[in-house]
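Have a look below at one chain only, the form predicted alone, in structure tokens format.
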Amino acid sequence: MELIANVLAVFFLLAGVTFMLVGSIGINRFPDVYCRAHAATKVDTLGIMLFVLGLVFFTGLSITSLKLILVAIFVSLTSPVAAHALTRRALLHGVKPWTKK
């Protein structure tokens, strides 16, 4: 049983790190603040959620895994709200979305 938990932990940790790496490349390559905020939100929610899930499998059933689940819930609630607030403020201050010329 411990072997299965370790394999799942490694799988989710690697998936989270890979997703965060690809999303970080997207943040650097996208042309405007709106696309970058979208990429950052995806990296923040899904990448960190996969990473935290891997840590939950690694720690097993303990108070630490409960704290990790609470961190995952907090990130999943706050990250999209923060990105929405940031992009809305940029739009209200006149930052134009990128258009292909």
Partner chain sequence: MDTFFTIVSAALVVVLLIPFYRVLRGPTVFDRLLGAAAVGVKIITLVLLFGLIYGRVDMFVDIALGYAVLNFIAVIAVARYFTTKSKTRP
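Numbering follows the first chain given and starts at 1. Keep in mind that this is a model prediction, so the values were computed, not measured.
Quick note: we don't show the form predicted in complex with the partner chain, though the next part is all about it.
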Check your understanding: Heavy atom to heavy atom, is Leu61 within 4.5 Å of the partner chain in the model of the complex?
Key -> no
Check your understanding: So in the model of the complex, does any heavy atom of Ile4 sit within 4.5 Å of the partner chain?
Key -> no
Study note, to complete from the structure: Within 58 to 97, the residues having any heavy atom within 4.5 Å of the partner chain in the model of the complex are Phe58, Thr59, Thr64, Lys67, Leu68, Leu70, Val71, Phe74, Val75, Thr78, Val81, Ala82, Ala85, Leu86, Arg88, Arg89, Ala90, Leu92, His93, Val95
